[in-house]
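Shown next as structure tokens: one chain only, the form predicted alone.
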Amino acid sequence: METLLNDFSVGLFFMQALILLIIILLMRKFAWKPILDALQSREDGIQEALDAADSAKLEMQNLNASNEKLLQEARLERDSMLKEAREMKDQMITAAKDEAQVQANSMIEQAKDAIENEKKSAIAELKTQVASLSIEIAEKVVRQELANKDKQMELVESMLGEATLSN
């Protein structure tokens, strides 16, 4: 160490200090500032990327919330449409049942009317046949009664006797 102190030169020290200072200034101007600027721009880029990621994350959360809301609205609308369809189905079934009941009642009424008309027709025909048969029987009885003179006289006398009795 002693040799170092003996070899020390103040001029050389100032010259080396001056060269070091020039090198530091040159390095600062040409190397450090661009390096620091590059580091700062990289840091700014990273910060922008982080901000963009946060923004994208918020946007994704908003989209998810919006999608969930739309999905919920779609479910509610689907449920509403299904309920409306069920009500329409029930109304159609009720209307069809009512119409079928009305038609059945109409058919029953028509059948009753037809039966009544057939009954009246049958009764009228039966009366006609009974009257016809009665006339035929009466003709036969009268012919048989009138074929014999003694029986004719007897019939006339009995009718006269009944006629006077009934007055």
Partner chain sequence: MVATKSIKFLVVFVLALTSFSAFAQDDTVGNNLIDSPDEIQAYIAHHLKDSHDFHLYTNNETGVHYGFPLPVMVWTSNGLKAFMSSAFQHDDNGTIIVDKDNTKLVKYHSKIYELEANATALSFDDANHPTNASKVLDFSITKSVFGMLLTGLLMLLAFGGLARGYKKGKIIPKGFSRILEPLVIYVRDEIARPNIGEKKYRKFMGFLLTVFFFIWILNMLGLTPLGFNVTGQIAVTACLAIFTMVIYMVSGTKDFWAHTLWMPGVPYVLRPILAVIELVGFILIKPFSLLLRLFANITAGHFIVMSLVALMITLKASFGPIASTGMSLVLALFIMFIEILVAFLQAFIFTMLSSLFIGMAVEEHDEH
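Remember, it's a predicted structure, so these values are computed and weren't measured experimentally. Residue numbers count along the first chain shown, from 1. Think of the rigid core as the biggest set of C-alphas that the two forms share within 1.5 Å after superposition.
If you look for the form predicted together with its partner chain, you will not find it shown, but the lines that follow are about it.
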property	result
Which of 34-42, 54-62, 131-139, 112-120 lines the interface with its partner chain in the predicted complex (heavy atom within 4.5 Å)	34-42
4.5 Å heavy atom contact, K127 and its partner chain in the predicted complex	no
Proximity of L26 to its partner chain in the predicted complex, heavy atoms at 4.5 Å	yes
is_contact(A17, its partner chain) in the predicted complex, heavy atom dist at most 4.5 Å	yes
E162, heavy atom within 4.5 angstroms of its partner chain in the predicted complex	no
Within 4.5 Å of its partner chain in the predicted complex: residues from 94-111 (heavy atom criterion)	none
Per-residue C-alpha change between the shown form and the other one, E43, threshold 2 Å, rigid core fit	yes
